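Okay, so we've got the same protein chain twice, two forms, each given alone as structure tokens, structure 1 and structure 2.
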Structure 1
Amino acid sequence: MSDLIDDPAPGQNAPEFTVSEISGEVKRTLESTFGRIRVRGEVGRVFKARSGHLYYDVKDDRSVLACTTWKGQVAGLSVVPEEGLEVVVTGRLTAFGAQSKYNMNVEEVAVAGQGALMALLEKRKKQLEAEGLFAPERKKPLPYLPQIIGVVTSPSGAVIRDILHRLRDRFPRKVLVWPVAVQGSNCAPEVARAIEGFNRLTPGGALPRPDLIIVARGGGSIEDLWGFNEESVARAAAASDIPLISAVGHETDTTLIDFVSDRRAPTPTAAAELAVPVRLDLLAWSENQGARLARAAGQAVQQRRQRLNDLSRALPRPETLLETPRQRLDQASDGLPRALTSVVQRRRVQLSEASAALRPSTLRQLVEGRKDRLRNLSSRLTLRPIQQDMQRQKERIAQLGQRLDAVQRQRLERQRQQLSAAGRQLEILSYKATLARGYAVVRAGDMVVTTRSAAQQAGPLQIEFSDGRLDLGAALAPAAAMGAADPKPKSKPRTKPKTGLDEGGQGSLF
């Protein structure tokens, strides 16, 4: 065969194709051979053209398949492809003849497996959380008693029945149901549009705007609930001005809308319970408040009446208020003139008492009295007492003189006697008496010489005898002998006053 090709020759019967013919052939072959197929792979680069068409790659570790979804088909996709998402795409292989490239036209994209779905959900959750859509401060409080409740759910099925039933039990309200598909590819866009639609309604319009929205769906698989995990639904719920309760699936199913809703109810029935209070309870409460109101108001009046009564009882009568003061006034005004006259009277008495004493005769009497006294005193003023006194003194002096003389005489007498007694005594005791018996006293001058040696050394000696002195040697000065014979006269002079006291003195020649 190769020889044949290698060896080209004109007129061979192999058909000749134009480029367009062959590319058309290939396109036909591709489309007819493969038909509708499903391909699994990871979404690569995604490009959404301005025209609305979607171009993206689906790849595995070795190959890349170009995919397109036309504008009209995009709305039908249950999952919009995102880069990195593991998907199974469904569609037809075709070729783009102009460039001899083949690609796959995708009608449906499904997430491949639960793990991939959860990963996708996790990714969205992180993104929305990062945007702050889950923040608690974004949550709006639910109205206590909504007038109109908008329910976004399927119009047929157990969910709306459960909600209406529970509402009827608690508090029948107006309910607007916005019918949506609760699963499948239409679910997310319809739910999002329903939430936005309720928010667009004007209060009090032909279609009244609800003041609470419940988005509800019964339980199901994660794929069934997937619509409520779509970002468009979550964003619509977050943007809703009307408070929104989400009640999707069972308690264990948590979908993206639950994170952005203002309240999450575990079940549709619970959503109805969150939505309205129990009417009968409120009626009872209202009755009770009414009764308390009436009682309290009545009591307020009653208490004040009671207090008024009490106070008015405590209030004294006006007459009694004046009685005491009036009595006092009477008493005072009664006593007033009397008091005045008595004051005047008293003063007058005082005056007359004072003025009575005030007369010239009084003064005169006073002067007279003083004069008398003066006279009396001056009459007593004489020399006689002094003269008498002098006389008395003179007599006394005379007496004293006499007594002095007598005393002095007696004294002198006594002393004379004493003296003579002493003289006699002296005579008796004197050596002179010895002299009479033959003894003599030898003197040298004034000194008494008692030994022979003394006498030898002395000058002239004098010998005293009982009848006189004899000088030896000189034998002169008999006068001196006389003087020496009397050594005592030294204490001769005696004063009179001392005489009585000094007995020690030897009497002399007196």
Structure 2
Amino acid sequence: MSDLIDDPAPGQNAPEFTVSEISGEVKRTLESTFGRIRVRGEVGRVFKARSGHLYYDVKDDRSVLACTTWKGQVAGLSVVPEEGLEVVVTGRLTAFGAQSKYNMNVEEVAVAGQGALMALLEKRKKQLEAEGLFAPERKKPLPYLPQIIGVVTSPSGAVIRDILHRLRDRFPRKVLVWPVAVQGSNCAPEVARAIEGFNRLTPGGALPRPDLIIVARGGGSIEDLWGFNEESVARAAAASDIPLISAVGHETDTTLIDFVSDRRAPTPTAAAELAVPVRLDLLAWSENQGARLARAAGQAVQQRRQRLNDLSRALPRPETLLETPRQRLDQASDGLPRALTSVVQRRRVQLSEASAALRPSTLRQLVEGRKDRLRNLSSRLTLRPIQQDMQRQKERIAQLGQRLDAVQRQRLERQRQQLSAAGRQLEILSYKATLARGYAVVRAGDMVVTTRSAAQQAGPLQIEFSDGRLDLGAALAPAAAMGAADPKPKSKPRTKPKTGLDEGGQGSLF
């Protein structure tokens, strides 16, 4: 009886677990059984906590899987989960024992198929378009000839070489390259930072702000170009104060940055062509405009000249304008003698009429009246104002005389100095100083003798030394004859010096 009571009930030999132990066991079982897995589904509810962690659901038509991406893992996601997006998530299953729930820690999110990417792209496109980022009135005109061009692209690809080569061929400009990743998870944040960085530069600073930005990348699949479809890149391009050209992919490729940029280029080479004009074409256009301007100016001058000639033919000749005044002058000159005779006769008659009324008594009364008026006026006259005026005039004349004397003395002193300077200059230039050095002047009457033949032919000679003149008379004749008999002198004659003495009275030196 006691044995029956002591035996445990059936099933009572199973081990007992605490709640925490069973939760930990379930967590270890899940993590060891599944490990790293990939799950495909549609993104449901998405919630980003203040801490930076991302919570969302991945579901299908029957079940929902809770997913978590921690703050440190969010930056590494190539695609940020959005509600309604079909994705493939990669991570590890784990359990959250506090609420008896399991979830998936997602380390990577990829769009499930190109159709899902296109659906996401259309969704973003409609959202940005609704905000007005695609409106034509927001787009800024491109500068005609930018001084500095900023290029956002990979520095190691062929894109930057194509852009630089095309700019060098068309119109060389300064280029600032901001290196970025053009695909992968780092593409979108780096491109957005590059656009914002160019806009933060100071115009004219050490690193000058560009006048135009080109965002360029070569062709590729939609996955390769997905970084340029990110919302952050589109908003950075729309907020740029610098005009922006997008040149992402080939002509058939379209990304969100193409819609928000100020101008889209089908290729990076075409973006360089949009950025600058052709230098040779610009020079040719300038020369053509200059030629047109010169022709237009010449034609305008010719038209004005022709119009002036036409108007001058309609004007009367000067002789015609003077004919009528000349006739009036002739008529007036012919009538002048008669008019003078008539006036004199009329004045003579008037004088006779006036003199007939005059009598000697009337004249005496008139003279007496004038005498009385004269006496009255003379009694009121005095010499004081006249004397005062004469005194003022004398003082003024005295002052003027003093000033005139001073001016005359200054003028005489100035002329005396000029005369002294001229005398000193004359003494310097005079031939007298040359005579003092042992030279002499030979004259024959008023003529200066400068050669031997002239001395032989001349009459009496006169030699001027520094201390006076000597008349030779005919005493030079034997010497001249002797000189003629000996045409070959033993000693070489002295070379005659060149002087500045003119022919008018200064003479020749020897």
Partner chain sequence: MSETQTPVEEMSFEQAMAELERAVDQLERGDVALDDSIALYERGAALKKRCEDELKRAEEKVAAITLDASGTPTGTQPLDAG
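For numbering, take structure 1's sequence and count from 1. What you see is a predicted model; the values in this text were computed from it and never measured. Throughout, rigid core stands for the largest set of C-alpha atoms superposing within 1.5 Å between the two forms.
Visitor: Does the form predicted in complex with the partner chain correspond to structure 1 or to structure 2?
Guide: If we ask which form is the one predicted in complex with the partner chain, the answer is structure 1.
Visitor: Please check if Asp281 moves between structure 1 and structure 2, taking a CA shift of 2 Å or more relative to the superposed core as movement.
Guide: Comparing the forms between structure 1 and structure 2, which are aligned on their rigid core, Asp281 does shift its C-alpha by 2 Å or more.
Visitor: Asp330: CA shift of at least 2 Å between structure 1 and structure 2 after core fit?
Guide: Yes; that C-alpha moves by at least 2 Å between structure 1 and structure 2.
Visitor: Would you say Ala300 moves its Cα by 2 Å or more between structure 1 and structure 2, aligning on the core?
Guide: The answer is yes, as the C-alpha of Ala300 shifts between structure 1 and structure 2 by 2 Å or more after core alignment.
Visitor: After fitting the core, how far does the CA of Phe465 move between structure 1 and structure 2, in Å?
Guide: Comparing between structure 1 and structure 2 after core fitting, Phe465 shifts 217.6 Å at its C-alpha.
Visitor: Upon rigid core superposition, what is the positional shift of the Cα of Leu207 between structure 1 and structure 2, expressed in Å to one decimal?
Guide: So the C-alpha of Leu207 has moved 2.4 Å between structure 1 and structure 2.
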